[in-house]
Every structure is written in C-alpha cells, then in structure tokens.
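Quick setup: one chain, the form predicted on its own, written in structure tokens, and binding and motion questions come after.
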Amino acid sequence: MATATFSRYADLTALVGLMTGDEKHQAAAASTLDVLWVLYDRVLTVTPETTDHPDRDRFLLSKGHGPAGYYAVLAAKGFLTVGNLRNWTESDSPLGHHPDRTLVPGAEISSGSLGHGLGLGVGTALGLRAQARDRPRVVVLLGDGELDEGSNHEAIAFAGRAGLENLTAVVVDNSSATHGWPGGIAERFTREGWSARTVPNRDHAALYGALTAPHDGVPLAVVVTVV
C-alpha cells in the first residue's frame, strides 16, 4: 500500500485509524489534526527532502502526547510510510506514544512532557536570528492546558520583548486549562507584545489566514478553538 495513495486531507481519518492502543489520547490527536494539515499542506516550507536544510521552517510539537494526528499528517506528506503507522509503538518502530526526534523524520524535538516546546522555540528563533537567517519560521504547537506550565510564562514574555517575528505559537484550546486566562488566551499573548488571532479548528481558510497574517516585528499567536 503506497503512501502516495493517502496524501489528501480526506485520507487522514483512515491514517489515524491505523494507530490503535492510545484511545485515551484520541481527543488530543483529533483536536490538532486540522491545524497540522493546514500547516504542512499550505504554510510550512519543509519537505522530506529538506529536513536538514538550514533554511527550512521548523515545526515543534510541544503537545507531544496523542501524536497520532501528527504522524498521520507526516505520512500524508511523505515523511513517513503507511507501514510506519501500521506498526507504531512496536519495539522496532520509530513511532512511539511520544515523538522522538532521533527516530521520526522531520521531528524537530522530542516531546511528551508538557511545557517545554515554546521555550525551545524561542531558543531556535534566537539561534536563527544569530545566524542572520530571517526567512525560516519557527512554529510551536501547544495546548491550552499546557500553558499552565510556568516555563511558558517566561517564554511568552521574552519572545514579546525580543520581537521574535519568526516565532509563531499555535495554541489548541479545548478548554482544558486548570485556571483559564482572564480575557482569553489571545489577550494573554497580546499583553506581552504578540500579535494574536483566534480561529475555529475546522475552518481551514481561517486557519490559513491567521497563520499567514502580517505581524511586523512581533511574534504571532494563533489560538485554535476546538468546536
């Protein structure tokens, strides 16, 4: 069964269905599926052939639990094979319940322990700035519950003050935060000097518009509400 025959958005449900045994994280996988598709299909400049290119865009999956949606999109885009999905989590598989950057083609970080991705994204954006590489984007996907982690407070504040224009935080909001955010998640970022937009998770045109919106001199936050 060739991966090329499963390269459309309509194929993602079938691809996710090949990965069983992690049912408790099905909601996490489903909530990220649409924004992951829009990112890899229309926004990110990275392919299976350019995963080591210095001018590639970097995608960091901070929300590393429930990665079935991520693996499905990587398979649809040719980073993985359908066979990889079929035997995921087996002893000889590169695909675990949490992504391992040394085993998963295209994965920029290993993740699963929440709260680390945005700080790593800030460091990656600073590294690109130090190399005078202005074009690559650094996109970090995290969950609203994960924002409770204190490391994110520091990363949000620093990125805004440092004007990291090449950094984008995508926050999937499924109302799982313990304390919530007064004024909403977008307001949290805006107060720290970010440009922020809120869009529904199933509206691909709105997701694309938000992810490519101009944000001169400041980082971008896209809050994706799960409906």
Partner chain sequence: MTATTAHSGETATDVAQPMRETFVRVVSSALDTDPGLALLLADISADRFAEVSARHPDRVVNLGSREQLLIGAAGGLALTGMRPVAHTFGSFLVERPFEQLKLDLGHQGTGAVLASTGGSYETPGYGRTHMAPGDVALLDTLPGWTVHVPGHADEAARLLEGALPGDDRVYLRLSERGNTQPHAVGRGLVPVREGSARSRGVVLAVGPMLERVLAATRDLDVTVAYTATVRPFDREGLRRLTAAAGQADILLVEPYLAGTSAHEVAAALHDRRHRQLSLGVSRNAEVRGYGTQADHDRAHGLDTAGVAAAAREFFLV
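Numbering follows the first chain given and starts at 1. Computed from a predicted model, the values in this text were never measured in an experiment.
The same protein has a further form, the form predicted together with the partner chain, not shown here; the description that follows concerns it.
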| field | Partner-facing stretch of 81-89, 67-75, 139-147, 103-111, counted where any non-hydrogen atom is within 4.5 angstroms of the partner chain in the predicted complex | value | 103-111
| Do all of 116, 127 and 158 end up near the partner chain in the predicted complex, with near meaning a heavy atom within 4.5 Å? | yes
| query | Do residue 93 and the partner chain share at least one heavy atom pair within 4.5 Å in the predicted complex? | reply | no
| Which of the residues spanning 131-155 lie within 4.5 Å of the partner chain in the predicted complex, based on heavy atoms? | 131, 150, 151, 154, 155
